[in-house]
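We begin with a single chain expressed as structure tokens, specifically the form predicted on its own.
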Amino acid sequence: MQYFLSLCATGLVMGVIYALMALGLTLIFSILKVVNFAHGEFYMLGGYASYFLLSTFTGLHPLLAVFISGLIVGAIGLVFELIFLRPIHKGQIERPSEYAVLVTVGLSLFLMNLSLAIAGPIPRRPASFLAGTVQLGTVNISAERLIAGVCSLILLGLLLLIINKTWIGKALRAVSQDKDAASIVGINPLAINTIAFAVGAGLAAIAGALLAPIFSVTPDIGATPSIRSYIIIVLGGMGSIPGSILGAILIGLVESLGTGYFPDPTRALNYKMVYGLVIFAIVLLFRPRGLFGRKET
């Protein structure tokens, strides 16, 4: 039982961190109606930004570096949206869907190769938040993972509060539902698009910076979190914030339990992504729109 509870605790912590990244992708998709293929690279940039900040400013607290990394990458996302994605929403692009795929894939390849040129292929690991383990009742959990999970949970709570209770949150929801109606009541959809993309990129970067001390960071590390995020947002229902959070926690639990109970421990991690894909396939088999997906009208 203690082993089971330990796996569940790890799965919940990882699920909350996955939710942070998936929520960024959900926000971008629900507002801009664009699938960001560079989302994994924003995750990777967050890890590198944290590493270089801590290497340059040795007195900087690791958690402060995490949030500064989010701001830096969020600013990069803001500039990218203004230059490359805003023409789509101004009606200046003939084939907006194909264009969005090309520019986000291009950004992904550019960031990956730029990181390789600057940082090299050697894995980089920022300073640890806290060494050792924490005892929670009968369960031991890594202090780094626990801190990362708690920070993610706080950020998720703040984001939900902003979306549900503030003017900017109402504007985001209005634009996601109907851009024309939102503009009639005085909301600028173009500005909201930019805000959504910057916040989505920043959330991915914070997730990457939180996990970098645990898994380290390399130029190609964004591929797996990116695929996992796509799985989560489809599993939860495209554009659904509650669905993304629930889907992320479900994937985190399934991956943790699947790895822990795999018959051959030496090969368990090799199949980590498969466990989530199995749940993904089962849910979509019975509910094709995802857990919280709504039927198009």
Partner chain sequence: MTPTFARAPRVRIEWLVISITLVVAIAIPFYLEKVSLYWLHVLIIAYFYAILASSWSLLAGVAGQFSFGHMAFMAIGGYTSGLLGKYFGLPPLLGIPAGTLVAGLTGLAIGVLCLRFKASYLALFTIAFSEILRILIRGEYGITRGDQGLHLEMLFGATTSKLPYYFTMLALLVFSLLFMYWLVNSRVGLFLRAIREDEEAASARGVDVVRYKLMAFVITSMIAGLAGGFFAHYIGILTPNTFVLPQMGLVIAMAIIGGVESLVAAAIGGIIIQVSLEVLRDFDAWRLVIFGALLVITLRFARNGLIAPLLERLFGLGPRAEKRKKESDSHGV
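Source: prediction; values computed, not measured. Basically, rigid core = biggest C-alpha set you can superpose within 1.5 Å across the two forms. Numbering follows the first chain given and starts at 1.
The same protein also exists as the form predicted in complex with its partner chain; that form is not shown, yet it is the one meant from here on.
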Query raised in the report: Going by a heavy atom distance of 4.5 Å, is residue 277 a contact of its partner chain in the model of the complex?
Result: yes
**Report entry** Proximity of residue 63 to its partner chain in the model of the complex, heavy atoms at 4.5 Å
**Finding:** no
Query raised in the report: Is residue 180 close enough to its partner chain in the model of the complex to count, meaning some heavy atom within 4.5 Å?
Result: no
Requested in this report: Report whether the minimum heavy atom distance between residue 168 and its partner chain in the model of the complex is within 4.5 Å.
Outcome: no
Query - Contact residue in the model of the complex, from 71, 227, 143, 187 (heavy atom within 4.5 Å of its partner chain) - result: 227
Report summary line: Only hit among 136, 191, 154, 118 for heavy atom within 4.5 Å of its partner chain in the model of the complex is 118
Query raised in the report: If contact means any heavy atom within 4.5 Å, which of 154 to 162, 206 to 214, 77 to 85, 122 to 130 contacts its partner chain in the model of the complex?
Result: 77 to 85
Report task. Output the sequence-ordered list of residues from 92 to 121 with at least one heavy atom within 4.5 Å of its partner chain in the model of the complex. Result -> 92, 93, 94, 95, 98, 99, 101, 102, 103, 105, 106, 107, 109, 110, 112, 113, 114, 116, 117, 118
Query raised in the report: Fitting the rigid core first, would the Cα of residue 283 be found 2 Å or more away between the shown form and the other one?
Result: yes
